[in-house]
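Listed next as structure tokens is one chain, alone, in the form predicted alone.
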Amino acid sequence: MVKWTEEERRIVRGVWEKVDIDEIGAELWARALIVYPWIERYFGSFGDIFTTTAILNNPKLAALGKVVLSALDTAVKNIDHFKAMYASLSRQHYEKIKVDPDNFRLLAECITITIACKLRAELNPQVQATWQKFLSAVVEAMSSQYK
């Protein structure tokens, strides 16, 4: 279990308060699919995602971005208990969707980069270190049912 200081909790909430789920959600999947094109295999029902333009204009990806960030919102609001809350979501990704758990780490990187592009200097090294600690805990929770 990850231990959080009050300062770390404040930093995570502070970063999250600046996130526009609609904007960041669509951008994070665009970044993920362009940078890591092999993850396209999980999106067979999403239509054309084979060009940058198609990815950027895909409403299903934008909607999925909102879903992912809504789940992250739950983690921010329940920072001490989200691992248990993510167990069924982890199980679903393992048993039904069959996602390689390393993709959770890749998506977390895309989330950080997308947020960093928006926050710029506000995501200084200390803030980034805390945010990375948080996302690492989320990745661990999402991977929990794979063991």
Partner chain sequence: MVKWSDFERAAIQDIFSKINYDVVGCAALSRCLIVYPWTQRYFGGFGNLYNAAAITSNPKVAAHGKVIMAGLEKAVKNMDDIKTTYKDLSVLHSEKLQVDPDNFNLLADCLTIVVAGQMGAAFTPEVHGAFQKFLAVVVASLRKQYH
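Just so it is clear, the model here is predicted, and its values are computed rather than measured. Positions refer to the first chain, counted from 1.
Another form, the form predicted together with its partner chain, is not on view; read the next lines as being about it.
Considering non-hydrogen atoms and a 4.5 Å limit, which listed residue (Val68, Val99, Ala30, Ile49) is close to its partner chain in the model of the complex?
Looking at the other structure, the residue within range turns out to be Ala30.
Exercise for review: Could you spot which one of Ser90, Thr112, Asn58, Asn103 gets a heavy atom to within 4.5 Å of its partner chain in the model of the complex?
Suggested key: Result of the distance check: Thr112.
- Task: May I ask you to check whether Arg120 falls inside a 4.5 Å heavy atom distance of its partner chain in the model of the complex?
- Result: Answer yes; at least one heavy atom of Arg120 falls within 4.5 Å of its partner chain in the model of the complex.
Would you check, heavy atoms only and a 4.5 Å threshold, whether Ala129 touches its partner chain in the model of the complex?
Flag for Ala129 set to yes.
request  = Decide whether Tyr36 counts as a contact residue for its partner chain in the model of the complex under a heavy atom distance cut-off of 4.5 Å.
outcome  = Yes, Tyr36 lies within 4.5 Å of its partner chain in the model of the complex.
At the 4.5 Å heavy atom threshold, is Ala116 in contact with its partner chain in the model of the complex? Close contact exists here: in the model of the complex, Ala116 approaches its partner chain to within 4.5 Å, heavy atoms only.
Q) Quick one: which of 104-112, 90-98, 58-66, 41-49 gets within 4.5 Å of its partner chain in the model of the complex, going by heavy atoms? A) It is 104-112 that comes within 4.5 Å of the partner.
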